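So this first bit is one chain, no partners, the form predicted on its own, shown in C-alpha cells.
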Amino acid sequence: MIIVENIYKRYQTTHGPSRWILEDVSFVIPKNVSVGIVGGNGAGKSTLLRLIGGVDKPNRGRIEHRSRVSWPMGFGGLQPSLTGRQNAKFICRIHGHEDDIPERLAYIQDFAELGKYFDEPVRTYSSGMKSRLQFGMSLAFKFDIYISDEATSTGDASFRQKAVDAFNNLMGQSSLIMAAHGAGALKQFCTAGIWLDKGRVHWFDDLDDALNAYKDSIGQ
C-alpha cells in the first residue's frame, strides 16, 4: 500500500518558483493493485512517479510506503565516469546484496544487452543504452511495487518485447504503477487509473474510466 497525502510540488526556475505541478494531491494505492497514470504532456506524470519512487521530494505533504517500492525504471542516478558494471555493483551493494553480486551482474548484463559497453563508462552511452541499463538494474531486485515511466517504449522492437515479457512475469508477484502515452500498455498491465489534470489527481477504480475521462478532457 502507498498513501499519498496533501502533496504539493513545484520547481525553482531562473524566474522564480514554477506553477504548482501537483496541488493538494491525495490518494491511496491498495495492495496488489496496478495503476495506470494518464494525462497530457506536462500534466505531472513523471513528477508524480519520481515522488512515489522517492527520488524527489514534495514541497509539502507526505508519502508513506507500506510496501517495497522501486525507483522509476529508466530514471537517472548513474555515475557517468563509472562503467555499467561498476554502476550495477554499486546498486547491488547499497541494496545489501554483497553475497550474490556476480549473479545480479549477470542478470543485468544479459537484460540490458550492452555487449562490450557494459565495461565502458556510462558517459559513452546513448540515452537508450542508459535506459536499458537502468531498467535491468530495477528488475534485478525484488520489489512489491515497480514504477515504470514509459519503460516499454525504450529501445528497439526486440527490447520493447523483452520489457513487456518482464512485466508479464511480474504479474501475480508484484504490482505496477505505470505512465505511458499509449493506452495499450496500460490496459495490458493495469486495472485502476489515475487521471492527472491541472495539478489535480482523479482516482478511478477502473482504468477505462480514467482513460475515458482523459479523452473527454481533450475532446476525443
Partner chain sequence: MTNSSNVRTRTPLAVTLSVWKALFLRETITRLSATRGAAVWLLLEPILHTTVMLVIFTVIRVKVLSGIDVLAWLIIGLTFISVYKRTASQVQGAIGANKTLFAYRQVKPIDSLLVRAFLEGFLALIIILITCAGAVFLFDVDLIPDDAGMVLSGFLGLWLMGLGFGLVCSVAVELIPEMGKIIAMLNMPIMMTSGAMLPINSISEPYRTWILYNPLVHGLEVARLGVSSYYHVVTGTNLLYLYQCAFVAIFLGLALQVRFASKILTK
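Here the structure is a predicted model, which means the values were calculated and not measured. Residue numbers count along the first chain shown, from 1.
Although it is not shown, the form predicted in complex with the partner chain is what the next lines describe.
S.K.: Which listed residue (V164, V28, L170, I63) meets the criterion of a heavy atom within 4.5 Å of the partner chain in the predicted bound form?
M.R.: Contact with the partner chain in the predicted bound form is made by L170 alone.
S.K.: Looking in the predicted bound form, any heavy atom of V55 within 4.5 Å of the partner chain?
M.R.: Contact check for V55: yes, within 4.5 Å of the partner chain in the predicted bound form.
S.K.: Is there any non-hydrogen atom of G96 lying within 4.5 Å of the partner chain in the predicted bound form?
M.R.: Contact check for G96: yes, within 4.5 Å of the partner chain in the predicted bound form.
S.K.: Quick check on V122: any heavy atom within 4.5 Å of the partner chain in the predicted bound form?
M.R.: Outside the cut-off, so no.
S.K.: R104 near the partner chain in the predicted bound form, any heavy atom under 4.5 Å?
M.R.: Although the partner chain is absent here, R104 would touch it in the predicted bound form, with heavy atoms inside 4.5 Å.
S.K.: Are all three residues V33, K130 and Y214 in contact with the partner chain in the predicted bound form, where contact means a non-hydrogen atom within 4.5 Å?
M.R.: Looking in the predicted bound form, the three residues V33, K130 and Y214 all stay beyond 4.5 Å of the partner chain (heavy atoms).
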